[in-house]
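Given next, in structure tokens, is a single chain: the form predicted on its own.
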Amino acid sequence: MPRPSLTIALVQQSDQGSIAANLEDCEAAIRAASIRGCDLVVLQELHNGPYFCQIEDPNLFDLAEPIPGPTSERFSALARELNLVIVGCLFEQRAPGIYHSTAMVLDADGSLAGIYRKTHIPCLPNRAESFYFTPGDLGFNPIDTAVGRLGVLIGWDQWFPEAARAMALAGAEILLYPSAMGADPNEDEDELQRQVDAWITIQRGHAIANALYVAACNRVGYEPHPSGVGAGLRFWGHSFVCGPQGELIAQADDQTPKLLVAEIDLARTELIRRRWPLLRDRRIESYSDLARRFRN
């Protein structure tokens, strides 16, 4: 049965220069989380390497791997050994020509509890994700684990209240967001701060609107542009855990790798939903226009 109270760890990392080094860094952090009594460990988006989507290069598809595959098998063995749940995020090769940004959830017994494929795919300067990733087609379905029903979303998904709501309506007990959010290192500091504040605020809003805990695990550090010409990306860290009223429980900074640990009590969802019955008071008969691209 799921445990109402659990200890969660977010692994905020910088790229270590190779797949092998990144996997070693992930494993060391997971083992450190186990020593600290954690039940659930969340890794950042595309943790096996650098954020390769700054450029469009067909050769970079070679970075992808299947699920199950080498990384999922390694983390499966680790989850079983340490008796904890691990959420990782990989560049998945699903079939020839079909690739995804995919979260894998390894249960405490080492089994693959489920996967989620990123639904919202950005196409922005230095973020050519639509070149690499096919939009996910698994829907917004929570994944049952030994620690509860996990609503896993990825990166750009975090800006969309519809995704968070769909996970909540499907019974998610916590929302998890492996992320790779950052900006041009030459960005005006005031504008950068507005972007970071917006990123945190909208996710705290998802927590409030759905009375759920939210945990966002973000990348940190500077990664140069692969061409040597562009400015590269400065990932802004700030991984955090907030409660069902949007209250910040734990937060990392914007400069350093961090194993962020927080205690959460999933039973608070029921308490808050009784006091603020937002799901009860939804007027579902009035929302049909939300399924349209735009109303004009």
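Keep in mind that what you see is a predicted model, and the values were worked out from it rather than measured. Numbers for residues come from their place in the sequence shown, where the first is 1.
Another form, the form predicted in complex with a further copy of the same chain, is not on view; read the next lines as being about it.
Undergrad: I'd like to know if I174 sits close to a further copy of the same chain in the predicted complex, meaning any non-hydrogen atom pair within 4.5 angstroms.
TA: Heavy-atom contact with a further copy of the same chain at 4.5 Å: absent for I174.
Undergrad: F75 versus a further copy of the same chain, in the predicted complex: is there a non-hydrogen atom within 4.5 Å?
TA: No.
Undergrad: Can you tell me if Y99 lies within 4.5 angstroms of a further copy of the same chain in the predicted complex, counting non-hydrogen atoms only?
TA: Output for Y99 is no: heavy atoms all beyond 4.5 Å of a further copy of the same chain.
Undergrad: For A113, is any heavy atom within 4.5 Å of a further copy of the same chain in the predicted complex, or not?
TA: Result no; A113 lies far from a further copy of the same chain in the predicted complex.
Undergrad: Though a further copy of the same chain is not shown, can you say which of N218, T71, T119, T145 has a heavy atom within 4.5 Å of it in the predicted complex?
TA: The residue in contact is T119.
Undergrad: Identify which of E247, D62, D265, E270 has a heavy atom within 4.5 Å of a further copy of the same chain in the predicted complex; exactly one of them does.
TA: Contact residue from the list: E247.
Undergrad: Of 218 to 226, 204 to 212, 84 to 92, 105 to 113, which is the one stretch near a further copy of the same chain in the predicted complex, taking non-hydrogen atoms within 4.5 angstroms as near?
TA: Stretch with heavy atoms near the partner: 204 to 212.
Undergrad: Though the partner is not shown here, which residues of 271 to 296 have a heavy atom within 4.5 Å of a further copy of the same chain in the predicted complex?
TA: The stretch 271 to 296, when checked against a further copy of the same chain in the predicted complex, contributes R275, W276, P277, L278, L279, R280, D281, R282, R283, I284, S286, Y287, D289, L290, A291, R292, R293, F294, R295 at the 4.5 Å heavy-atom cut-off.
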